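In the form predicted alone, a lone chain appears below as structure tokens.
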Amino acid sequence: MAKAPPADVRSIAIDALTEPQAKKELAALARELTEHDRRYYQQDAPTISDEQYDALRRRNEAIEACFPALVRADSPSKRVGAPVASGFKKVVHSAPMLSLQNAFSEEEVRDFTDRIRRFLSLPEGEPVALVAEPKIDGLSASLRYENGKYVRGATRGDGITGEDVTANIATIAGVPKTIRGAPAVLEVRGEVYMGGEELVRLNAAQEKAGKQQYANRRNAAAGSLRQIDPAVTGKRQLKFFAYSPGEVSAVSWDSQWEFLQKLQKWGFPTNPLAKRCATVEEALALHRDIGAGRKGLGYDIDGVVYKVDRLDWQQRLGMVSRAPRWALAHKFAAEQAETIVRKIVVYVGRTGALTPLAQVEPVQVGGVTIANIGLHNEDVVAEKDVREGDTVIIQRAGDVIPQLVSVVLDKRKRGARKWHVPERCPICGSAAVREEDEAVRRCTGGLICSAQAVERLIHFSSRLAFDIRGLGDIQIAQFWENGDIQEPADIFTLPKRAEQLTPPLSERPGWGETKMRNLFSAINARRTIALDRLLYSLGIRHVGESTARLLAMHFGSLEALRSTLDAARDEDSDARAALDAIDQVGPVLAQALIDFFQEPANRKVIDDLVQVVTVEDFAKPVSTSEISGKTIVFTGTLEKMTRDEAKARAQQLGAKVAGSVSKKTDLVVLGPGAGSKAKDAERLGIKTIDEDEWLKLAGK
């Protein structure tokens, strides 16, 4: 079992953090915020509230302010949104699409205008006029017009690069295709959204077609705009509100309010509730009025956005981190209700994470019936001391995610017992382990756990693992649900079993002779696998592509690795010490390996697999090359070989490949578009070469 975790660094005040604690916390925040950005911007499925997300952002930025030398290359403070999803061309925004700072109280809004006044050195008492308008809960988009014609539409993406959804946006009623009297180049930014009645109709159609329904209007709008077929988008009756400029060839307005009037003149829909407020108190009064009437709007809003009206002041104020100083989003408070916890159950996710879930007496909150509330992890349950039978206060955080606020202790029943997370997976019975510095307990069952199996099998067949062409997400899910493939070894027995299945594979829709022949050929082509690819394919916690290669290089064979791990179960053994001491392994990865290979079900999966495939011992890299033993970083876009091929070639020549530049880096290979890593190399005095020089080194 893993050692008990130390005191949570997250609970330590920022001014009390040591430098090592701050470094660890920044790394954890970078991982956490990246995952939340991916869920919100790519999957349209957030799992925490705006308040929780903003608290993480603020903590990250405050730690960076106290420890500037520890700011990471992948710091969340340096980005907006998330990378674009696959399926669309990329669009580089001519001017970044920034995020907004958030406020949750009137006092924070007053502080906002006070900061503006101080920054601009305004005379005391001089008002700061604001343009206030509802904050639409939809998907940000940018529309580009050239010489009065609509030429491109893009999503925000990560703020720098978005998705090209030109044809999809063109289907939205109210978006003008031509405009008159506008600058030669005009980018108009706004929000794509969906009305409530359309969501009801869409979900009814989704249910009838056996497809997943959308949880809310924002998810529906985002999913509808991202349809590969624009005709599908056109049927969804999306709408658009314009509110700000992007790139403009010639600015002919002096204020935000004047720009909104221009938008209306050019034919763009703008929000009718937008108002120019002469003072902050007038803006706050509008916030209260809009909040009181938002249920009758017919579209979702989660606050009010304030923007400094004067354009010259906006330009002087500029940006801070990822947001403009001259704008603020004032969020609405979440609506709350009281209910009773019927039972606390555990949900096992596709990565094996055990998440407590409170099943409550159904209750209406913000127009939605809530029956289940995610409790995140065992620490949250312990902190709030939630027990079965408790009366609790709940809310829909950000008007989306059900959240447990507190327990009403005065109403607790006698004999209510503390709840403890199980130490074995409720799905497959495998050990559930909580690693050091982790808040989540995870099932170690891996491929034999039905909660994880499909995702694990998809990973097993993926490009960097076994790379089985023709065995994609849909096929694996179908084979799993039908009982045809339950573990990796079943993939390699499928060709012989195909006609004994029920029904036979050849009689199933979509499975013609050619498709079957291609799949079986792809399976047979992968009956011999390199050790590093095998280790990566197993989906072991913390074992990515580079770590799998590192382990393969060190142990050479699967037998040697398993033998060492068997001997390393004892924490005081020489084998454990030797495992911990391997460069880039350490105790956390060592424990993850031991936990995985110690689990009987995982051992059976591997034993069954090696009966049907041949695992090649790792070929020792060339040790006499010019780059043997050196650490190399690749950055930019390589044009004459893929990044994967370049990394593999470097490792064959005995080099280590790193993802970031540090003092330990020996060489940086620069492709076109190299950015911060090139600057880091120059700052640290590290040698850099271009792709042609790399090809000479690599012997290509």
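Residue indices: 1-based, along the sequence shown. Model, not experiment: these values are computed from the prediction.
Here the subject shifts to the form predicted together with 2-(butylsulfanyl)adenosine (IVH), a form of this protein not shown in this document.
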- Option from 195 to 203, 375 to 383, 126 to 134, 443 to 451 whose residues, in the model of the complex, bring a heavy atom within 4.5 Å of 2-(butylsulfanyl)adenosine (IVH): 126 to 134
- From His287, Arg549, Arg156, Arg456: within 4.5 Å of 2-(butylsulfanyl)adenosine (IVH) in the model of the complex by heavy atoms is Arg156
- Query: From the list Glu187, Asp390, Glu191, Asp309, which entry has a heavy atom within 4.5 Å of 2-(butylsulfanyl)adenosine (IVH) in the model of the complex?
  - Reply: Glu191
- Message: Quick check on Leu565: any heavy atom within 4.5 Å of 2-(butylsulfanyl)adenosine (IVH) in the model of the complex?
- Response: no
- Query: Is there any non-hydrogen atom of Gly246 lying within 4.5 Å of 2-(butylsulfanyl)adenosine (IVH) in the model of the complex?
  - Reply: no
- Does the 4.5 Å heavy atom contact test between Phe466 and 2-(butylsulfanyl)adenosine (IVH) in the model of the complex come out positive? no
- Message: Residue-level question: is Ser140 within 4.5 Å of 2-(butylsulfanyl)adenosine (IVH) in the model of the complex, judged on heavy atoms?
- Response: yes
